[in-house]
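What follows are structure tokens for two forms of the same protein chain, given separately as structure 1 and structure 2.
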Structure 1
Amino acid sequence: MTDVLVCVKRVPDFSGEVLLTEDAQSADARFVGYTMSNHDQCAVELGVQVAAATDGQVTVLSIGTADSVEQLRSALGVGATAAVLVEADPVALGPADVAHEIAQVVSERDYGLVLLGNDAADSGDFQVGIRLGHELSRPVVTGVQTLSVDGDTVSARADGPDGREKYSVPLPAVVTVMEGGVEPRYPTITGRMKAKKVEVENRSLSREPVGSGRVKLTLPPPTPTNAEVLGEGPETAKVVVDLLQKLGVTR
């Protein structure tokens, strides 16, 4: 039996241009909704699969505002059985703070496997999994897309620069997940109803945050685009035909 802890974060649901707050310390979500990142959703899916295959249980954890309960209930609706919320201002926390708070929860319970998204979709932090593994003195594998548990061993697979990579590490372990290996399931009506009945455990920070030390976030410049005006009116048709023939487009 492998009990799994999956850590998720409430992040802005950007589908277009990403905006930053005036102090450039976080993503500006005033005009969008919130969600879990694709990495986190895949981590939840893998956690549910491992628990089902080993007769274990899945607990989902989030560190953030009270509104993060929405993301916890989304995970409960697809198979997680318990939820923990550590209430805090996420902007005030750095990766070391997040890793420490997760470690506090893990140290009190027997989670054989801890899964996290590979990086935070809003701030770009990707240190939490490695810091958590160090704090717990557990092996950690990052950037995983699929995994399975056989006895006391977790086998994880990822796409590396030279092709498919496979790792085998002993449990207990920490693994960070990238999207692309599994298709996250969507909650059914029954799943949503069950999720509403689960009591979310609320916790406070175990220590004063040390913060991220971040100066500011920056956005990459927009990708330049070039456009060529071929003409105006009916005479443009011949120009378009000539261009299509030049490109090798045929009927």
Structure 2
Amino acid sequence: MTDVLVCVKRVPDFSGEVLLTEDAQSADARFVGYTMSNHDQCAVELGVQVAAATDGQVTVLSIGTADSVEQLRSALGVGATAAVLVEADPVALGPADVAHEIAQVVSERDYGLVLLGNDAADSGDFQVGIRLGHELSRPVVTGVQTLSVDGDTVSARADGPDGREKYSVPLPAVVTVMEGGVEPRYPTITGRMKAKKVEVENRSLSREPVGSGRVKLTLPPPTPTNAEVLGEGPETAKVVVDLLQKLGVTR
């Protein structure tokens, strides 16, 4: 039986345009809404798979505003059975703070496996999992796409620079997940109903945060626009093929 803790972060939905708040401290999500990073979604999926295969349970944890309950509920909807919210102002936290808060929760309970995303879609710090492993004195494997647990060992696969890498690590362990290995499942109606009934455990920060060192956010200058419009609709085919011939990619 492996009990799994999955850490998920509430982030703005960046599929549209990125805007900044007036104080330049965070992305402005007023017009785009919030979501969970792709990597975190895959971590939830892997957690649910491991728990199902080993008769364990999945707890999800988020550190952030009270609204992060939305992301916790969506994880509950796909198979997590418990949720913890550490309420805090996300702007005040750095990766070391987040790792420290997660470590508090882990050290009070018996989670053999802790899953996180490899990097958060907004801050992209690439380090919470590593700092967590260090704090808990547990081995950490990063960038994992698929994994399974057999007894006291977690076997994982990651996409490395020379090909597919396999890892085999003793539990308890920390694993960070990268999208591309599994398809996150959609919640079923019963899943959603169950999710609504779960009581989210509320906690507050265990210590004064050290912060992230952020001075401010800016937007990069727009790429110059200089496209030559070849035309509209299927009639452009001739011009396009002329161009492809000129470029030497078709006869």
Partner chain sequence: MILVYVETSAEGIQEVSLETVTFARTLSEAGNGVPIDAVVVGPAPNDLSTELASYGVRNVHHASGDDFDLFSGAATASAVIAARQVAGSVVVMAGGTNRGNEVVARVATRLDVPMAANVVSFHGLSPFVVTRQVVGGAALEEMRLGKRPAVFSVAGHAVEPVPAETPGAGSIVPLAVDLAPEDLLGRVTSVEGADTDDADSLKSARVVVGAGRGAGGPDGFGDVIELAELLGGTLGVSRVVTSLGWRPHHEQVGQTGSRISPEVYIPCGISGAIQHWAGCASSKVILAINTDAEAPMMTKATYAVVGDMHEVVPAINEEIRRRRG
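This structure is a prediction, so every number in the text was calculated from the model and none was measured. Numbering for residues begins at 1 and runs along the sequence of structure 1. Between two forms, the rigid core is defined as the largest C-alpha subset superposing within 1.5 Å.
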query	finding
Structure, 1 versus 2, that is the form predicted on its own	1
C-alpha of residue 226 moved at least 2 Å between the two structures on rigid core	yes
Value in Å for the CA shift of residue 235 between the two structures, taken after the core is superposed	11.4
Rigid core superposed, the C-alpha shift at residue 244 between the two structures in Å	5.2
